[in-house]
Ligand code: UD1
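There is one chain below, alone, in structure tokens, taken in the form predicted on its own.
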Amino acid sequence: MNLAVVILAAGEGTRMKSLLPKVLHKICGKPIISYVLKTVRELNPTKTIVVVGHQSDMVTKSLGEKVEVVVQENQLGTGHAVLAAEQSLNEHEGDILVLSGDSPLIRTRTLLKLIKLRGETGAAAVLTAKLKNPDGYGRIIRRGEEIIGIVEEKDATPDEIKIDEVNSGTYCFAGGELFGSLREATNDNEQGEYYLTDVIGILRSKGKKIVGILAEDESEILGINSRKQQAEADKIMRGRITDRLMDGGVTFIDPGLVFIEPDVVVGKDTIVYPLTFLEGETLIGEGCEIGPSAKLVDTTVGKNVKIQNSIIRESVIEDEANLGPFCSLRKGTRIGRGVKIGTFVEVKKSEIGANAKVPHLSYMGDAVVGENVNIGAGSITCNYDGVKKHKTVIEDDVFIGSDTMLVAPLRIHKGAMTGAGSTIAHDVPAGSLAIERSKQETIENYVKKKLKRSDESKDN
């Protein structure tokens, strides 16, 4: 298929009330235009052109290297925007697909049907939809199966306003038909702009046939021009993601209360509980229980892992680990098979060996913890001296007593123990017990004497 694609992404999006270009606002964690680009790539076009305008440098940086960018210096309408791509397509002889950079919900199969219809029946094909509330959309004027015109809402007559079939802003034109007609368009309208829709009337005046195809799902044509539309698109996209995962064997206790980005992979027989956020390139294995109230970002999780009420970023969690509630795993952490990370535990840039336990109220930073280690409550690695971070190494089978301060750099050798309440600043040999405590001082009858002095003070 000799296909060129033109994506219109020059608009300012004033209704978004934002300094950020409209197409760079996100749904499900990714820029709006990234969804359009992904769909276009699945068509395998010979050329993809993105027309930018408002804050063009910012938009261009987000596009990657596989597209050609042209700039619409002055935003004078959709027709004017497409004309900006003319020079780049002057040797193109195949179809030209034009779509909006702010319509992330359109599907590849819908575009393929549109392209096929154009090839079979006419000079151009238009993607349309029937809406219960068509406000804001251009109306489709038909005569039988043919489209004889598209009227922008602001230019429509009262009778035309009542039409419920609307223009999606997505078109497929036969090569050689588009740019000649665009040069004949005028800006004699309410907005003073050059409309791409005028090409339909121009082609009709030359005896060309224009056809339309209704989108299977009206949500596909949703363009994002406001924060409300952004929220609506985000909800629809999340529904598509959870539907796809449920079809693959994932259970959601309440699909409407989970927030999953499109690149996340979840294995079958995993249960995802409400108020869970799965973001970035997170990969979750089979048979896990995730949530409630868990957030995983760019994290790899093995099989049969349980995670609840926890935040985990850029970490690896091996099979059968049990995390939470209320733990935090930061970038660079690796949790071994069968590890228990408990309540109010933070782990940063550390490796926790198989079957080790960090049950509660502890901090492990820049540490290597061996297998079968037990970290008592309230223990921390003192890894930062104010200038540099230092490593703590805890070898296999070590028992760390509660409230132990491990002052790095430090190595606790295999099978050693530390006494509760100790500050350990020197390496501990294998099999040894390390205790560091100040001498306890007991003052007898202190409380009774203190109360007596208090009563005397009140009498005075």
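This is a predicted model, so every value here is computed, not measured. One-based numbering along the sequence shown.
The next section is about a form of this same protein that is not shown, the form predicted together with the named molecule.
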**OP:** Only one of Thr299, Ser350, Asn383, Ser100 comes within 4.5 Å of the named molecule in the predicted bound form by heavy atoms, so just point that one out.
**Re:** Ser100
**OP:** Identify which of Glu371, Asp366, Glu218, Glu152 has a heavy atom within 4.5 Å of the named molecule in the predicted bound form; exactly one of them does.
**Re:** Glu152
Original post:
With the cut-off set at 4.5 Å between non-hydrogen atoms, does Gly212 touch the named molecule in the predicted bound form?
Top reply: no
**OP:** Look up in the predicted bound form whether Gln75 has a non-hydrogen atom within 4.5 angstroms of the named molecule, and give yes or no.
**Re:** yes
**OP:** Consider Thr197 of the chain shown here, and say whether it contacts the named molecule in the predicted bound form, taking contact as heavy atoms within 4.5 Å.
**Re:** yes
Original post:
If you check in the predicted bound form, is Leu8 within 4.5 Å of the named molecule, heavy atoms only?
Top reply: yes
**OP:** Could you tell me which of 173-181, 356-364, 219-227, 253-261 sits within 4.5 Å of the named molecule in the predicted bound form, going by non-hydrogen atoms?
**Re:** 219-227
**OP:** Select from 112-144 the residues with a non-hydrogen atom within 4.5 Å of the named molecule in the predicted bound form and write them out in sequence order.
**Re:** Tyr137, Gly138
